[in-house]
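To begin, one chain is listed below as structure tokens, in the form predicted on its own.
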Amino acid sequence: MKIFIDSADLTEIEHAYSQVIVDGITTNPSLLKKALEKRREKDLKQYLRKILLVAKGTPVSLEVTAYTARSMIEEGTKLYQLFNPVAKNVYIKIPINPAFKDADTTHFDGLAAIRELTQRKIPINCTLIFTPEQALLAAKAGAKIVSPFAGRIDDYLRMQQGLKFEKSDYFPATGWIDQGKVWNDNGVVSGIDLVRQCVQVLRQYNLNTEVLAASLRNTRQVREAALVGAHMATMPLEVIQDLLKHPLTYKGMEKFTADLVPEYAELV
């Protein structure tokens, strides 16, 4: 499974890439706004170019802000034409459904934008996936990547039941059982279950689309995303760092150091 960093902070990105542990970047307008404010940067174009060069050879997803098919196609094309020449690694993020409410008339606009941009040879990462059927439709429209939001589904299930929680809290991949019943969102019992079902559906029909487990908040989620077959997983830098941690690893280092034979250390 490929590991992506979910960040727009250049310092974080440079650190992650210097350790040779990441395979790509996902960003969004909110992350970019926070990063620019933190670093007091004013030139967004130049800032994005720096990120793309650090990530050369690996995908970087840039998200559109429009929400109609025509506008998303125009914005996606401009973003790709402007930034892909920098390092040839830009993917455009398109929401599966840009509608704001059920009565909205733009439900199909995400699919229309994905299809048109794909025909223009622009690789698409379809975002805001919350059901396997959304992933299926995005893949059929031509998306190279679909991003099911595992953490947000876990949040949604807990909020539906009025449960208090921290976002970093672990939610069982097999679902939360309460009085003999498993909480579920139309058959999806957890964020990891959503990722699993997306992988299964796309594999079932041999669709050439990869599943990126998004909105991961803790290391166990990352492990479980790998176990259910996610091709990629994106997470903040602190979660990537936590993947390396275990108390027995620290204890082992202390023991190895204490038992070190001086003559052995002098061999090299």
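We number the residues from 1 along the sequence you see. Model, not experiment: these values are computed from the prediction.
Below, we turn to the form predicted together with SN-glycerol-3-phosphate (G3P), even though it does not appear here.
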Assert contact_stretch over 239 to 247, 47 to 55, 210 to 218, 64 to 72 against SN-glycerol-3-phosphate (G3P) in the predicted bound form, heavy atom within 4.5 Å, equals 210 to 218
Could you spot which one of Lys140, Lys144, Arg158, Arg152 gets a heavy atom to within 4.5 Å of SN-glycerol-3-phosphate (G3P) in the predicted bound form?
Arg152
Ok, Lys88, Lys78, Lys181, Lys167: which has a heavy atom sitting within 4.5 Å of SN-glycerol-3-phosphate (G3P) in the predicted bound form?
Lys167
Even though SN-glycerol-3-phosphate (G3P) is not shown here, does Leu31 get within 4.5 Å of it in the predicted bound form, heavy atoms only?
yes
Contacts with SN-glycerol-3-phosphate (G3P) in the predicted bound form - residues in 228 to 249 whose heavy atoms fall within 4.5 Å
Thr234
